[in-house]
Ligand SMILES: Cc1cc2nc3c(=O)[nH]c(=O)nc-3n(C[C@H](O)[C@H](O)[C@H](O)COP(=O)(O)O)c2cc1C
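A lone chain, given as structure tokens: the form predicted on its own.
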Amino acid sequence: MDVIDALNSRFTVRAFKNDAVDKETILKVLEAAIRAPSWADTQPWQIYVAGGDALERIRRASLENSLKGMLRNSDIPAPKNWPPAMKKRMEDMIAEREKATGLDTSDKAVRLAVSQLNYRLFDAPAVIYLCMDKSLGPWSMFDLGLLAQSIMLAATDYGLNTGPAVMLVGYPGTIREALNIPEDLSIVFGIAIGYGDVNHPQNRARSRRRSIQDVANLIGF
């Protein structure tokens, strides 16, 4: 698969099969992905991959915390407000996902089921956690974004699906404990990885992209 095919075929999977991903394949994905560029070759990332019993502990704690009504408290704070155009795109995405899945999230039972799937970490067999030293700032976080995209494209090449989601790091304390992540590292982001359940309603939706005319400004051409 070439990189354009990978870019066009990748999508965020929100429900996985329970089929395990072998350690060797994950290592191959990461080995390719760490070719990502970074500021002055600082390579600020530390990567932790949870699977097996370690992931199950995180999964159980995540679901239990959500059912207790515990608010997410990620190491990297979420934006307090979104610009109107971005908020509108988020609302449109939710509406389109409801239409594609046929699920009415105004129904309390449906909303709870969708929420629990999220807090079960999409039932993924593995989750990749991207971390960096707490002393670092936005530029290093940008480098982690480059790494995240590289991971997802490499995973696509190996026939795997991914689900990047901030909610995967919503309860950093449980992740830190299960994976023995040092306190001096921020748990920045999570990427669920595995084999997507193509028959699950949550995987029917595809988000739209803004047109290139709306996004790109080419001057002097």
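As the structure is a prediction and not an experimental result, all values here were calculated from the model. The numbering used is simple: start at 1 and walk along the sequence shown.
Omitted from view is the form predicted together with this ligand, to which the following refers.
- Taken together, the three residues 43, 48 and 129 lack any non-hydrogen atom within 4.5 angstroms of this ligand in the model of the complex.
- Only one of 158-166, 173-181, 22-30, 48-56 places residue heavy atoms within 4.5 angstroms of this ligand in the model of the complex, namely 158-166.
- Using a 4.5 angstroms limit between non-hydrogen atoms, residue 200 is distant from this ligand in the model of the complex.
- Interface residue remark: residue 210 is not counted as part of the site for this ligand in the model of the complex, having no heavy atom within 4.5 Å.
- Under a 4.5 angstroms non-hydrogen atom cutoff, this ligand in the model of the complex lacks residue 17 among its neighbouring residues.
- Contact between residue 93 and this ligand in the model of the complex is found at the 4.5 Å heavy atom cutoff.
- Contact annotation: of the candidates 105, 118, 150, 73, the single residue with a non-hydrogen atom within 4.5 angstroms of this ligand in the model of the complex is 118.
- Interface residues of 181-197, taken as those with a heavy atom within 4.5 Å of this ligand in the model of the complex (partner not displayed), are limited to 189.
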